[in-house]
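A single chain comes next, written as structure tokens; it is the form predicted alone.
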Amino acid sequence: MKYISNLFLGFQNSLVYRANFLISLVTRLLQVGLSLLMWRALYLESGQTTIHGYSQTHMMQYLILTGLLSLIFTFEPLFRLARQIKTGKISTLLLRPINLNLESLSNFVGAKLILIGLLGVLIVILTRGYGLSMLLILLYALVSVALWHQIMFLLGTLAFWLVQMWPLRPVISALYLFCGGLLFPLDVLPTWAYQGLRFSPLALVSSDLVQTVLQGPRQPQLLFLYLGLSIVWLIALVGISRWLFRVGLHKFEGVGV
């Protein structure tokens, strides 16, 4: 119950800072718009109706969905945990009967509740008529949200050792942009690169999820593969995060509790 209350608190906070939401939305729309124009020009110049098996409509759907996911998958959990560690606020949180990982997840889900709901609606619309597959894809989307949060929470624990966390932002942004397939589907890459990236956590939460929405209902084996791997990655990252957090606490010196 306390995590549900925290979820609604995160939702209310997201409504308070509406300007931040609108600015990030406009910025992302511009980026997606540029990608759409770039790919439209490629189709026109090449004179082909498909590129790497993607029709222009299919490519547009892919870019719009990855653009929406990039609005959900932000770095807030990472820098929120880092801020709690650097400011010493985590000292008071440790005294409370809460799981900091779940507290962070509930806050993150609450802050992204509107966008997650919008993603759910789009999934229902794009996979209508596929019944069980649609429910599994919705489950896959929720697991992806949890997996992304866990990646960020794990990176946030590095604040126990690093003096400054901001240099990580451009590195993670570049990795997410490329490995998550935000500019193009990963399967347009050479086969060796695609096979090396497609099962990474960043690909599973973004490019693979979108591919599943667009193709999954017709390829259930792909849906089960990606969903299963996402759950395995989630369990592994939770374990690593807990270990890093315990080790990091031995280095932490909090004052003013």
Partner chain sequence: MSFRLYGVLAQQSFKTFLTYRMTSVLVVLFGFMFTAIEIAAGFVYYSFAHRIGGLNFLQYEILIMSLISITTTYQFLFVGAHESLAGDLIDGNLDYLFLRPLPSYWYYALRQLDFPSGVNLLVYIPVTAFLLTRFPLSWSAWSLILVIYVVGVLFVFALNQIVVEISFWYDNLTALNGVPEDVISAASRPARIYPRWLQLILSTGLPVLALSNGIVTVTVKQSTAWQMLVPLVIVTVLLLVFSFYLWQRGTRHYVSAN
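Numbering follows the first chain given and starts at 1. Here, rigid core means the biggest group of C-alpha atoms that superpose within 1.5 Å across both forms. All values derive from a computational prediction rather than experimental measurement.
The discussion below concerns the form predicted together with the partner chain, not included here.
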property: Heavy atom distance at most 4.5 Å to the partner chain in the predicted complex, all of Q31, A41 and P167; result: yes
property: Contact stretch among 125-133, 140-148, 100-108, 176-184 - heavy atom within 4.5 Å of the partner chain in the predicted complex; result: 176-184
property: Proximity of I240 to the partner chain in the predicted complex, heavy atoms at 4.5 Å; result: no
property: Non-hydrogen atom contact L95 with the partner chain in the predicted complex at 4.5 angstroms; result: no
property: Proximity of V121 to the partner chain in the predicted complex, heavy atoms at 4.5 Å; result: no
property: Interface membership of R218, the partner chain in the predicted complex, 4.5 Å heavy atom rule; result: no
property: Neighbours of the partner chain in the predicted complex among 7-33 [non-hydrogen atom within 4.5 angstroms]; result: Y17, A19, N20, I23, S24, T27, L30, Q31
property: Rigid core fit then L229 CA moved by 2 Å or more between this form and the one not shown; result: no
property: Q48 C-alpha moves between this form and the one not shown by 2 Å or more, core aligned; result: yes
property: C-alpha of Y194 moved at least 2 Å between this form and the one not shown on rigid core; result: no
